[in-house]
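Taking the form predicted on its own, here's one chain by itself in structure tokens.
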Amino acid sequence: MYHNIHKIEKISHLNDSTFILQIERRDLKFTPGQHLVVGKKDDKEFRQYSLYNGINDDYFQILVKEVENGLVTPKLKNLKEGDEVEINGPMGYFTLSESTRKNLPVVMIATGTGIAPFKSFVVSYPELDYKLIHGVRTAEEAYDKELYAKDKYILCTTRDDKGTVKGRVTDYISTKTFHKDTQFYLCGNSEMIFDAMEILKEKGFSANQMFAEVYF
């Protein structure tokens, strides 16, 4: 496992609370779906963030939502270009096997910033047969939606009607049918993940067709 100090190359604010930190990569290898453990230099508090960039980018990106009174995110939000962070990783097993991405349909289900590893999947693997279902409160949280094919991206909004559908991702998947060989990847809050897995089990999918990364 790698452990070192890296510079911030860029910070992009997407709305009042969510931002992208671009961090120098220095030729470190990673597999889409892996994460970094990140904290401000010389700080004792760290958090895990899925990598948001593609495998061929010469930088790392993480997608961060500020947590009010949080121990890490407010400090990260105040960083500027040239400031330093400490990173551990990349690490993790929330990844796509070569046979899955080349031969099987993949449905990715996310809430909020849980979309991060799925953006990495999509931009890294152009051959991927995917559907991406993203649950947010309002359409302004549809981060980088223009990267996804319109027929492959379903935005579920709970507080406005500017998404593909209004309601939770679990409401959406409960009404849909999926190919029997579909592999499901779920990332986001634990309540959504547990509820979605129960719905998929009721539809006849087995536990070994489901892979989860819990964010909070």
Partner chain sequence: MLYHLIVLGCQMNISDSERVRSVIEQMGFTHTDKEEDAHLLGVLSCSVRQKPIDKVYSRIYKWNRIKAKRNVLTFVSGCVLPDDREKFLKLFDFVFPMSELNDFPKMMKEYGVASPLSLQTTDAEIKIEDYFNQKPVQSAFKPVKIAAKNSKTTLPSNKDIFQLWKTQPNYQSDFEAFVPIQNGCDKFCSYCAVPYTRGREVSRPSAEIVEEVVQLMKTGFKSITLLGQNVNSYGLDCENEILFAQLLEAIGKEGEKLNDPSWVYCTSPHPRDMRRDVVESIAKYKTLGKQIHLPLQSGSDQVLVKMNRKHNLDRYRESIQYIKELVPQATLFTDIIVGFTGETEEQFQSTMNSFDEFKFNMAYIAMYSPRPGAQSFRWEDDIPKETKKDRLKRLSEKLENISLHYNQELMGKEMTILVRTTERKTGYLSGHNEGKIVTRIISKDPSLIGQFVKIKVTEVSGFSISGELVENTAVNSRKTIEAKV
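The model shown is predicted, which means the values in this text are computed figures rather than measured ones. Residue numbers count along the first chain shown, from 1.
Heads up, the form predicted in complex with its partner chain isn't pictured, but that's what we're talking about next.
K.L.:
Of 161 to 169, 174 to 182, 47 to 55, 144 to 152, which is the one stretch near its partner chain in the predicted bound form, taking non-hydrogen atoms within 4.5 angstroms as near?
P.N.:
Single hit among the candidates: 47 to 55.
K.L.:
Is the gap between residue 8 and its partner chain in the predicted bound form 4.5 Å or less for some heavy atom pair?
P.N.:
Judged by the heavy-atom cut-off of 4.5 Å, residue 8 is well away from its partner chain in the predicted bound form.
K.L.:
Give a yes or no for residue 68: in the predicted bound form, does one of its heavy atoms lie within 4.5 Å of a heavy atom belonging to its partner chain?
P.N.:
Outside the cut-off, so no.
K.L.:
Would you please decide whether residue 104 lies within 4.5 angstroms of its partner chain in the predicted bound form, comparing each non-hydrogen atom pair?
P.N.:
No - in the predicted bound form, heavy atoms of residue 104 and its partner chain never come within 4.5 Å of each other.
K.L.:
Would residue 78 sit within 4.5 Å of its partner chain in the predicted bound form, counting heavy atoms only?
P.N.:
Residue 78: no contact with its partner chain in the predicted bound form.
K.L.:
Is any part of 142 to 170 within 4.5 angstroms of its partner chain in the predicted bound form by a non-hydrogen atom, and which residues would that be?
P.N.:
Contacts from 142 to 170: none.
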